[in-house]
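Two forms, one chain: they're shown below as structure tokens, one block per form, named structure 1 and structure 2.
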Structure 1
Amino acid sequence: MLNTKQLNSIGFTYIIGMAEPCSPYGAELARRPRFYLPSDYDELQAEFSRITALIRMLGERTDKFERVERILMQFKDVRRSIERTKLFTLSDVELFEFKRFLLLMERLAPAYADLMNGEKLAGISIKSFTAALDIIDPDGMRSMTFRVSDRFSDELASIRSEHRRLDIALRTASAEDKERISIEITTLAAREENEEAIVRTQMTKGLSKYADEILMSVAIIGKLDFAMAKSRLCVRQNGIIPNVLPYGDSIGFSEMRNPFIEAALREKGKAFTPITIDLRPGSTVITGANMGGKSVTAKTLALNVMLGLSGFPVFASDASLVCLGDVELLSEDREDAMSGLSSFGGEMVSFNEMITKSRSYNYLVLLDEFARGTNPHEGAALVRAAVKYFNDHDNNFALITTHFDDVAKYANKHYQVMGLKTADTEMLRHALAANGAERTGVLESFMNYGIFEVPKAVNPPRDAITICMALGIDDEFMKLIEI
């Protein structure tokens, strides 16, 4: 599975952060998004059915959708207090928070029913707990305050009545009587505190009978809130719900995007080039020169596959996935598998772990410029071997990006990055001449980071020399280059 650094690099953490659940229960799910395994297929489909329905409701019943969100915003995390009812007596503060939770449930249940309008979301049932609320609010005032009520105890009612009488008497008493009345009030206060403790214990015991059921409702609230946040994200970022199959022979995306990279490019006044790609079991190779965008394709694919298999919308015009046991990305963003190893040594140890996994279950492997840390002759041999290996173990999907020759001919599919193929060389030359100090930025603006399928026997494009010439690398040096 991708590590934290890689999840940040591909934009997964960025996207998860854009989903903004309203309640602490939904926020907790967002902090630890779930990766659905093949055995979880039905649960993944249920999540997508919830999001799909909520997207429609967001458009058709916006006011009702937002009413539910406003109520969810008011919830606090009371799970610890709910659990404590089983073993301890709750304090006044805890009882107040418990009462507040139950009052919010009284509001949420009808608001949710109004939003659903007779429809049902898989696994979501919101109910109020009137009987539990009556325990904590026997007066039926339903106010957002808490005080141990006289209704709980005749003894408590009698003590408080006497306390009030003495308070009134104290105001008009003589100096001699005031001392006596003050002592009586102190005694009553101690009796009142003791009786309140008894009532809180009885109240807590009564609430404990509902604890497990309420905790289940808390989990359901979190699930609803998280699904609502995903639906908003999908609409806001123009995402789609992918078609996910329990098994199959294709992972495909049309006009796939990466909002994380899009945002970075937008700050530079540039646009993201959508990517269309179709992976078949075995090896798919993308070739292209450095600066050509191969890593962008690998990261964008990793992002959208991770999102789709984590129950999130994906960013494409069309998307189809199969359930996988894991997703692995081997790139410069991965931390070395063992401390003290060179970057190449760490890369190979990590790759060996991937090979071991590939024999156990199906998963997606992304090798971005694999074996870049050794000499080109051996590096190319290692990449060719990787392509052949994953073709022989075609229960997995492998995407391998490289600029080495004679690699793609062993793959099932071969894509190339457009690079400078579509650039007007004369316009590029003039632009570079006019922006000598900003040549790298100019060159990037002429790059086409889209990919296209080519025959397997085609070698990577020879853009490196073109790039050097375009950047105005020293003429004397350039004349010494032999190809």
Structure 2
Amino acid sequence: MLNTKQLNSIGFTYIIGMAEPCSPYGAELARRPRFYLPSDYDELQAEFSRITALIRMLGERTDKFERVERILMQFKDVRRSIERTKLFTLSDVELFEFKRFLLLMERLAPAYADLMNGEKLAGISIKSFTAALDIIDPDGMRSMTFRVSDRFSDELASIRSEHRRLDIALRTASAEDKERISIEITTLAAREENEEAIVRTQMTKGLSKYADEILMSVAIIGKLDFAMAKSRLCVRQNGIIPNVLPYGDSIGFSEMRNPFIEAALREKGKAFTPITIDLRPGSTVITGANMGGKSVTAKTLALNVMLGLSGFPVFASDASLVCLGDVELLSEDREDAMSGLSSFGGEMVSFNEMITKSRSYNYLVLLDEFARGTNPHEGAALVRAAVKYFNDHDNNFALITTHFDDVAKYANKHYQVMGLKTADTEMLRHALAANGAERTGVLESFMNYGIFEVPKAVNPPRDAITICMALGIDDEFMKLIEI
């Protein structure tokens, strides 16, 4: 499983944060998005069918969609009070909140029916609890305020009318009467408090019969709210609902994007280059120039797979996925300092954990610049071994980025970052002939961040020195480089 830092760095946290559920119940689901395992396949499909239907509603019946949202916004979390009905007597503040919840349910049910117009969302049915509301509001006023009603207690009614009479008497009473009346009122107020408690106990007991049913409704409201928020996100960010299979031999995305990186690039006035990639069981290797977007490809794939398998829309023009046991990413973001290991040591220990676990499940494993921390000779050998290992254990999908030679030939598929390959060499040489600082910015105008499939035997390009030149590295230093 990806850790929090990795979820942040691939943009998952960013996307989840953009889904804004209206109610606390939806918000709770959004805080801890669920990863659907192969055994949860049916539930994942149900979630996607809800989002698909809601996207359509949002487009066709916007005002009705928004009306449901406005009602959802008014919900507060009353689950604790509902639970408490089973054991305790609710206070008047709790009863107020309970009443408000029930009143909102009475509004939500018709608004939802109106939105759906006869259609049904899988697993969602919203109903009102009129019988429960009658307990808390026996006068049928249905106002948003709460006072313990004296409808079922003659005692309470008579105390209140006596209290009222004395209040009026006290306002105009003489000094000596004031003392006497005040004492009477104090006694009455205490009796009223007692009697109210009795009524509240009766109300709570009546409500407790509905507690479980209401709690189930709360869970359904959360589900609806969360799905509505996802459908909004999908429309706003141009997402699509992926085609997910319970099992299969392909994970493919066309023109895949990463809105998190896209937003960062947009701030700098740059655009994100969409990525088309198709993974088969076993190892897929990406090679290419430094700064060419290998890591971005790994992160973007991790993001979209995580989103799709968490029941979220994905960002591509076409997406097909299979259910996985887990997604693992091994990259520079891994924290090793805590364990007291060197970055290489930490990486290897994590890798070992990863392959041990991946024997029993089908995983998506992403190795970004694996074994970069050691010498190129042994490093390349380690990467080659990893490629072979995942080919042997082809219940997994592995994406391995590297710039070591002779790795890709063992892979099932080999992609290469375009990098400077498509750049006009004459123009590039001309641009690089300029002095130190003038060269900065050259890279961006010549670099192609797209990836394309190449034969397995092709070795990574030798672009490191050209890239140093393009970065505007000091001339004196550059002249010392000998190859």
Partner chain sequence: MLYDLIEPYNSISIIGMCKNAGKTTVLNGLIGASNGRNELIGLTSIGRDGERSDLVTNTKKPEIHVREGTLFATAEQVISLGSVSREILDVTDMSTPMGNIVLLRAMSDGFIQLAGPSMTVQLREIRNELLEFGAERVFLDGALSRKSLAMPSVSSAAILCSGASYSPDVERTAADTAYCARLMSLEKTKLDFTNAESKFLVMEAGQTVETAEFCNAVDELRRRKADALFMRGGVTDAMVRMLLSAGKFHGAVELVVEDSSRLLISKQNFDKLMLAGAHFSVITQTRLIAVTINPFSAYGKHYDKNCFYDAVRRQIPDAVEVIDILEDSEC
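Note that the rigid core is defined as the largest set of C-alphas that superpose within 1.5 Å between two forms. Note that this is a predicted model, so its numbers are computed, not measured. Just so we're on the same page, residue numbers count up from 1 along structure 1's sequence.
One of the two isolated chains is the form predicted alone, namely structure 1. Positional change of Ile181 between the two structures reaches 2 Å or more at the C-alpha, relative to the superposed core. In this core superposition, Glu476 moves its Cα by 6.3 Å between the two structures.
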